[in-house]
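First, one chain by itself: the form predicted on its own, in structure tokens.
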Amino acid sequence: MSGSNVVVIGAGVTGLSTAWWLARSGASVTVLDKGVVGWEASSRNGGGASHYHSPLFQEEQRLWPMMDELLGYPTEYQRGRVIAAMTEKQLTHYHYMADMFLELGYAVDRIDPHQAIAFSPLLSDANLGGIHLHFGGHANPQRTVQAYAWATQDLGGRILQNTPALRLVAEGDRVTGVETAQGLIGCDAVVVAAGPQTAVLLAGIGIDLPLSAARAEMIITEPAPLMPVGGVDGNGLYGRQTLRGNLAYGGGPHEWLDTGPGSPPRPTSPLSRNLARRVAVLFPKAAKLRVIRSWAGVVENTPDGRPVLDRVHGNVTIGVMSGVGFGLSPASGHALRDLVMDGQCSFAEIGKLKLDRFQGLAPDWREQRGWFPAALA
């Protein structure tokens, strides 16, 4: 399909990575977004890149160290991560993870409390140790989203911000265009990577994609002295220390949302206080730092918590990541490019991420899981 006209709906990290991979392969790409690039969860996350549970994991690990060079713009990627335990139960689980990583061929060390503090001096003296990953790591979500966008444009791709996709226009088993307020954009293929709105768009052509939306929130502190290893998880938190020294952390609890039209959700002071308290427990030597910003973004969630990467309805490809979009973006964009242009993924077996795994799902699956918007709970 080299040279074909592909519309990508969604300028989050998954859509932008897909557009970049397609443009690298010679496709003519147009990206649509109802807002601006990376406006929701793609720029509001912990920046982690260590998704060992995914079939895309090996490609994620292969690509991240190369992304600055491939894109031509900085992502601020840093390799390595500390996962610190605050309870014996957590320590047992992290040691189990270490054994699994070693079996996969990835370097990881068990570390004691003193070693954990040597790597990340802001950590609590009450930590029980944990593990030090020599792979994975983290990047700057805002920088990375912009890098994908600029690199796509450098290859001739168009990014139309503030241009929501209103509906998919289908003829038979193929989509021939995407209707926007500015008119119809014709296409040879379409990728729908629009977060929670993906389900709404697909429903218009008779495809049922079970999703529920939740708000994910992050806080960021004043700068602290830089730690040797700035990517630290623990106490139910995920995040990183920025190159400037700020601590950027999230970790729920997430609030279920309606997926109707409206402004992006705003942060709430109760959740910000919850996150700040837990960050202070994990990093007591930074407890006096002020929280200077908080962010909220919308994350789409599938019933089993795994992504849907699938080509359906002839020329429609689905890309929803169920909360793991950022770190897997180099690999998910590659996989979606393969599905669009070749019909199958070239580097991993991703059959378990197909949409048809939800056939026979009970209509009240949200009720069974208790996934209700706050106002309805």
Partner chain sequence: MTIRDAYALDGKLPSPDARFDLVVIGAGPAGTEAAIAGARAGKSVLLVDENPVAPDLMRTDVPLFYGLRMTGAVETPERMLETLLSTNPLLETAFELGVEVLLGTSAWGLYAPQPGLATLPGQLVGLADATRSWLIGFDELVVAAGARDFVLGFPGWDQPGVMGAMALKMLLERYEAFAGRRIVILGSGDLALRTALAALRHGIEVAGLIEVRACVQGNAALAAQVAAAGVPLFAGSVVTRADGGADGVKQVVITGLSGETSIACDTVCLAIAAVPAIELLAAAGARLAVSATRGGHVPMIDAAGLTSLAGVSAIGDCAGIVSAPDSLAYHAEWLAALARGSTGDTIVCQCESVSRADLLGVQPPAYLGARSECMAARNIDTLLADGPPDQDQIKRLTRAGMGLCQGRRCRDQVSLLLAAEAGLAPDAAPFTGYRAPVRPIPLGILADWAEAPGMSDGWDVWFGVPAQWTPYRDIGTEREAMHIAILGGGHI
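Positions refer to the first chain, counted from 1. Since we're looking at a predicted model, the values are computed, not measured.
Just so it is clear, the following notes concern the form predicted together with the partner chain, a form of the same protein that is not shown.
Of the candidate stretches 197 to 205, 124 to 132, 100 to 108, 174 to 182, only 100 to 108 has residues with heavy atoms within 4.5 Å of the partner chain in the model of the complex. Contact annotation for the candidate site: Y73, G252 and V291 all lie close to the partner chain in the model of the complex (heavy atom within 4.5 Å). The partner is absent here; in the model of the complex, the one residue of A286, L209, A170, A189 having a heavy atom within 4.5 Å of the partner chain is A286. A214 is the sole member of V229, A224, A214, I117 with a non-hydrogen atom within 4.5 Å of the partner chain in the model of the complex. Residue contact with the partner chain in the model of the complex: L166 places no heavy atom within 4.5 Å of it.
Interface membership of G323, defined by any non-hydrogen atom within 4.5 Å of the partner chain in the model of the complex, is confirmed. Taking the partner from elsewhere, I219 is found to have a heavy atom lying within 4.5 Å of the partner chain in the model of the complex. Using a 4.5 Å cutoff between non-hydrogen atoms, P55 counts as a contact of the partner chain in the model of the complex. Shown here without the partner chain, the chain has R277, R278, V279, A280, V281, A286, A287, K288, L289, R290, V291, I292, R293, S294, W295, V299, N301, P303, D304, G305, R306 in 277 to 310 lying with a heavy atom within 4.5 Å of that partner in the model of the complex.
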